[in-house]
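The chain below stands alone, shown as structure tokens; this is the form predicted on its own.
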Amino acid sequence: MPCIYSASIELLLDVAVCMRHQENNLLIPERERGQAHKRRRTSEPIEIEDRLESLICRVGEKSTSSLESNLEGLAGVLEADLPNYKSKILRILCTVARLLPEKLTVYTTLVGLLNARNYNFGGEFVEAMIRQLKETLKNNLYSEAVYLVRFLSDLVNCHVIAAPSMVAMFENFVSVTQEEDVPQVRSDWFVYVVLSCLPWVGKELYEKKDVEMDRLLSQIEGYLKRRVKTHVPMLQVWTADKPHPQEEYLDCLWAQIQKLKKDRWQERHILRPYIAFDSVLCEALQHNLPPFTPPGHMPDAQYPMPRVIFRMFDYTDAPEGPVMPGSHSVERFVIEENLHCIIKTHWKERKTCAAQLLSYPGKNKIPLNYHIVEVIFGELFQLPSPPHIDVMYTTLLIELCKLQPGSLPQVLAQATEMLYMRLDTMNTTCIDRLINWFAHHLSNFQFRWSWDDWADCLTVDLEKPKPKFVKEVLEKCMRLSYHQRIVDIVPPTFSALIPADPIFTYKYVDESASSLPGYPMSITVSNAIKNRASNEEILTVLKEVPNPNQEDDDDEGESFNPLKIDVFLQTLLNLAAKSFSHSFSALGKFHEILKTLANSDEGKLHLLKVLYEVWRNHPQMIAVLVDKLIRTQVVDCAAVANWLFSQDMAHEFTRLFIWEILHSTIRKMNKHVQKIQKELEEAKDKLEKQQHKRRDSGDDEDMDKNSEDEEGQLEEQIERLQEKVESAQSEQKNLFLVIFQRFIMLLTEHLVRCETGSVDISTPWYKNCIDRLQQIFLMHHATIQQYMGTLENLLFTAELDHHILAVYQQFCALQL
């Protein structure tokens, strides 16, 4: 193996610190290496492969040497190892191109240096990248495909790929916009890929192929002008465009690219290490990309949904230090794209993620803390759902505050204040996420907040967004603490917004309730439960409870008896009111009695009504007990939906816990359907394997007979499972029909009432209700799409009021 010069030694010492205890094979003289080879024949190739992976993955991180010398050293190391480890090196480089996009230009420079030294390797790498691109598109991995195309485009700057072949690939991508009968989201994605590469490669392509590039941008402009944008209102965080416009992502990127072109493609933020190697790279032979035809549209393709770009800050919000780039400057796109990439790469390790965000290259040229906070909130508020679980953003912001205690908490407080000031025009789903984040964040900082600054919420209608927000935040804080603590931390003036003490409300508490019809029976039932009576004995006792719905001379038999449910459930939950686990245990133990009592739709509704009455001051308890009742099949999902939309719950309709219960109920229904569908698929696979095995077995009669028996059993099982799937899907469809029908009824009543009384329809209740309807569509879009035909025929017909129909049309436009 040729001698490796000093730069690579520095690189190995800097980057592979974690491997110092191992024998560094790449630096051992040839004679000694032979002896080491004899000692560790089996593990040596694996060690070298691991070492190569570590070197490649960690290049570009903090080092005592310059990035250029590290890259030059690593290129030397890899070149020397190509004869033995070429396939491994190719695989690692293709993987980092896909999974570490924040270090894109570092790796394109490395590939450029390798191509300059070994032309054949450069060609093999380009072919491997094209194969990987085809595979990612086939598997619906569209975000990774964006990074691969961007990587290929930056290889033009490194003289690995010829500019004309890159332009040809872009032209093929843009030709997708001419396809007929394909979803708009498909064309959007291919246009986005081309535009998002131009900050990196636009200058180089324009210098070589200006006529073709002008034609390409003209085609893109034509497509953007004819796009349907009905979906935009559904995805906006704010309904108002002041102080910052809420732009659709392609429109915003197009404006940024237009400005970049006007500035002669001069961009000042992308790290471009290949410039230092220009004299070496420009001598290298270039490769032409093989002709790349975008794969055709498949019905099961899952294209990325459109987005709206989140804007919270501009240059006026960061008064000191570097100026924040404007919303239409391409630097803003590049910074945000890189920060999103860092979060995507490291989101599972909050400490690493926070450290990587704060050590962002070029951080001294930008107000980094403002960019980080805006990007994190942008992801948290992304509709229909954030890229990662909500709690990740909370823990990441806490970690950032710990690492930058002198500056980041102030920016975060400023952002929180801004979000509070804009609550009136904020999407209700985003307000929910803000409530959950803020309460969780406060719980990590002793619930300290300058509540007096928000005293303006006390002077307005308590149904308006600001007081509602504060009330819900305090409710969530109480879940993470206890009632008295919340009373102590909030100024006395906020007493109207402090949640009620979460105590149990028992109707039959003492003799003062003796006039109530069920009082004597409640004592009997209580004693029976305490004495561990059997279910049959308790049911016998309950037979004595008079039915207020039944006349004395009515002998039609058992009918729905609300008093029976009232007496039993109130008494049972009173005995179990000590804790969550006591209540769970009680419902689990007596669920057969509850099923017997609530065997009709009326019974189920009344049971939920009683549950609410006793725990009305403890929303969390209501939520978990409803969940338990669904799991034990005492109530079904449709009953829960009907109860939440019932007149009894109308006064709680805008409370957050109501919608948490509804979404949890829908998710439970969806999981139930998915579970049975999975069982059916597994049974079908098993049958197929069994039939295949029988065909292969030949003339063995005994095996044939056994196989036939097994196949017969499997076919019966498949038949049963198909019936279960159909039944579950019917139940699922019915649940959505119930929910949407109730929404339509409530909204129609409101609109008619306002029209009759000549009143403005835009009340806080109306905004909340419309936003909740949108929320159902967005959060469960994949499931709802299966039933679009039914919804359109039965509910969202042309005769429906346009205010309500607009929400459905926006939803349909998301997947056009």
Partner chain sequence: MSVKLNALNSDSYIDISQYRDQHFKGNRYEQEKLLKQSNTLYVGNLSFYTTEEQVHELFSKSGDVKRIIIGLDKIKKTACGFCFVEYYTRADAEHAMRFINGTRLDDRIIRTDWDAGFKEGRQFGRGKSGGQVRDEYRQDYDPARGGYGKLAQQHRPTEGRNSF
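Numbering follows the first chain given and starts at 1. This is a predicted model, so every value here is computed, not measured.
Beyond the structure shown, there is the form predicted together with its partner chain, which is absent from this document and is the topic of what follows.
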Which one of these stretches, 574 to 582, 560 to 568, 319 to 327, 419 to 427, sits within 4.5 Å of its partner chain in the model of the complex when only heavy atoms are counted?
574 to 582
Complete contact of R307, K609 and K767 with its partner chain in the model of the complex (any heavy atom, 4.5 Å):
no
Contact residue in the model of the complex, chosen from N436, N369, Q382, Q404 - any heavy atom within 4.5 Å of its partner chain
N436
Taking its partner chain in the model of the complex as the reference, which of Q286, N642, Q132, Q732 has a non-hydrogen atom within 4.5 Å?
Q132
Would you classify Q446 as touching its partner chain in the model of the complex, given a 4.5 Å non-hydrogen atom cut-off?
yes
Does any part of E47 reach within 4.5 Å of its partner chain in the model of the complex? Heavy atoms only, please.
no
Would Q620 sit within 4.5 Å of its partner chain in the model of the complex, counting heavy atoms only?
yes
Closest heavy atom of L99 to its partner chain in the model of the complex, within 4.5 Å or not?
yes
Heavy atom within 4.5 Å of its partner chain in the model of the complex - qualifying residues of 349 to 380
E349, R350, K351
